[in-house]
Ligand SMILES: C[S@@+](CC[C@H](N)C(=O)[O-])C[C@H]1O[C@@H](n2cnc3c(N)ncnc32)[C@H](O)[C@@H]1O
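This document starts with one chain, in the form predicted alone, laid out as structure tokens.
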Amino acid sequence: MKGKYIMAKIPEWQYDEFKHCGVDFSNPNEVERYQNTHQQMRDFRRETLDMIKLIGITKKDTVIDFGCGTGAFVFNAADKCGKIHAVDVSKAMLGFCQKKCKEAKISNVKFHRAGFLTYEHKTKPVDVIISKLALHHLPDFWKLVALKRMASMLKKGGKFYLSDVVYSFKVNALKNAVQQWIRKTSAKGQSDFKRRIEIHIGQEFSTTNWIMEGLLKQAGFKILKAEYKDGFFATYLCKKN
């Protein structure tokens, strides 16, 4: 595990993915709150093991985790992979993830303070790329740029797993869909999620299912599996053509 973050320079004309979009995860308090809230609602280890099984990750594989966050995948998958590149624009997120890995004596993770548009992969193409709940921070055009960049980092036939907030409800049902999402989350006792949902809908860049599928195909991926849940969540398992 290496703790020195590898930064990238940003051209003046490029979208600045380091500026916060929605909830400010450069704030350590927000990072802690995010971890605690999600940990109560989700089984990170179960999610990770299910992903590993679906993707077919082996101990020989090198994986890039774009938007690694607090390390839900990294921490639970490190012993199932050969090497992981953990990439995130948030110094606070990376620090949280790095601390967890250090405490667990995980040594096969390399940390990069960068994002979809700025990470430079300087070694051979990797076997797997994953991204969970991060791509929505980019507007659609820059999503396509990001997806094409990720495809270039994958070996031919390599797998790409994407999980994100993607809208699959009818647009004229927006108000009811959002209210239902808030009610469902609040029923689980997570009042802070109401604030996060409202910020996400109003300030972040989640797109529709048909646009996302088009972006993936345009980037050179074959969609092997697409699943939509509750009108707001999607997972895609793809292969590089």
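Heads up: residue numbers just count along the shown sequence, starting at 1. For clarity, every value in this text was computed on a predicted model and none was experimentally measured.
Not pictured, yet referred to below: the form predicted together with the named molecule.
Note on contacts: among 114, 106, 153, 81, the single residue with a heavy atom within 4.5 Å of the named molecule in the predicted complex is 114. Out of the listed residues 138, 145, 101, 126, 138 is the one that sits within 4.5 Å of the named molecule in the predicted complex by at least one heavy atom. Contact here is defined as any heavy atom lying within 4.5 Å of the named molecule in the predicted complex, and by that definition each of 20, 42 and 93 is a contact residue. Of the heavy atoms in residue 34, some are within 4.5 Å of the named molecule in the predicted complex. Proximity of residue 64 to the named molecule in the predicted complex: non-hydrogen atoms within 4.5 Å are absent; the residue sits far from the partner. With a 4.5 Å cutoff on heavy atoms, residue 132 counts as touching the named molecule in the predicted complex. With a 4.5 Å cutoff on heavy atoms, residue 212 does not count as touching the named molecule in the predicted complex; it lies far away.
In plain terms, the part of the chain that comes close to the named molecule in the predicted complex, with a heavy atom within 4.5 Å, is 65-73 out of 212-220, 65-73, 52-60, 171-179.
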